[in-house]
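Below, in structure tokens: the form predicted alone, a single chain.
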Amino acid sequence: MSSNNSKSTTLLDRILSIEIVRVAERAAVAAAMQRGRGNEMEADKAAVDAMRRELSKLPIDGTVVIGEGERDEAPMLFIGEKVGNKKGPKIDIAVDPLEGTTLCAKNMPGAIATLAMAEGGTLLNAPDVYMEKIAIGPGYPKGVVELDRPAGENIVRLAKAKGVKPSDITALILDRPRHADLIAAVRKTGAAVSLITDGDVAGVIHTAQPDTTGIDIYLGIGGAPEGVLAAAALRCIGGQMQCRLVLDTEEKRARARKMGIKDPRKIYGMEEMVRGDCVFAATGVTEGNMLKGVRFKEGYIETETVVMRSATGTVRWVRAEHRQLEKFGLD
């Protein structure tokens, strides 16, 4: 291992234990201050501002490779933005400062602040477009499901691999008009469909613990940033995932080419989207199945964060009480 890789690995160790948690916590608390106020843009901006402030303090030469959008559309944490104090190794960063802006604005369950970090040059650098996705948890033969197979066939193959009937399988799908045919195809096999309004990073993670979540497979089209973040999480806890960018216009294909994507129809496996050691963290903003939301108490704030690392397969749950309220802009 080169000395630069050693530095990256050592830094990831430190980020895993402290820094990445703090970055996610600060974004989550900032967003939580906007819960239920009906303003998605303000909630997202609060999370972005807080996450960017914390990232700027880290001892890294960081690049946002998956972010809020491209430079023209996103004033901060845009794809290609440099973060950190430039005094450490090169690190790739994928961020979704507030996954579930609508959930936060309406104070509905499941909003989270999330990010992933990896050694420089190892995260998929992709434009802010839609992405086709399929994901299952660990313990299955490789290739049991495939992105280009019909949905019904994937359900039947998964049920066979699990040793159950298709009617015992539950698929998680974003509740969107574009998924009407997909939902019908899944239900035709006898499988159940669980619909979500937002939050497909958590949705993919749910497939890794079907006994707890009741979710066996994730299917459908969502955002590319969420796809890379979900792949980072699955790299840490196990599973299979395949994705393809939806580059359905020449303008999108041109943007992708600028980022080094030569084949617009390429199917990316989990290991291609996240090629090296990575850490992933998510903090609950609103109450959810995966994480408790931020709780404002008399004199302190409670947060809950999950942080994972792919090299060790470690998953840590961090329940924190924050008493220095001025650090969050409160007193």
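Note that this is a predicted model, so its numbers are computed, not measured. Numbering starts at 1 and follows the sequence shown.
The same protein has a further form, the form predicted together with a small molecule, not shown here; the description that follows concerns it.
Enquirer: Pick from 119 to 127, 248 to 256, 146 to 154, 93 to 101: which stretch has non-hydrogen atoms within 4.5 Å of the small molecule in the model of the complex?
Expert: After filtering at 4.5 Å, what remains is 93 to 101.
Enquirer: Are any of the heavy atoms in Pro166 no more than 4.5 Å from a heavy atom of the small molecule in the model of the complex?
Expert: Result no; Pro166 lies far from the small molecule in the model of the complex.
Enquirer: Is there a non-hydrogen atom of Arg176 within 4.5 angstroms of a non-hydrogen atom of the small molecule in the model of the complex?
Expert: Heavy-atom contact with the small molecule at 4.5 Å: present for Arg176.
Enquirer: Given that the partner is absent here, does Glu81 sit within 4.5 Å of the small molecule in the model of the complex, heavy atoms only?
Expert: Taking the distances in the model of the complex, the answer for Glu81 is no, it never comes within 4.5 Å of the small molecule.
Enquirer: Would you check, heavy atoms only and a 4.5 Å threshold, whether Asp216 touches the small molecule in the model of the complex?
Expert: Heavy-atom contact with the small molecule at 4.5 Å: absent for Asp216.
Enquirer: From the list Pro109, Pro89, Gly223, Gly239, which entry has a heavy atom within 4.5 Å of the small molecule in the model of the complex?
Expert: Flagged contact: Gly223.
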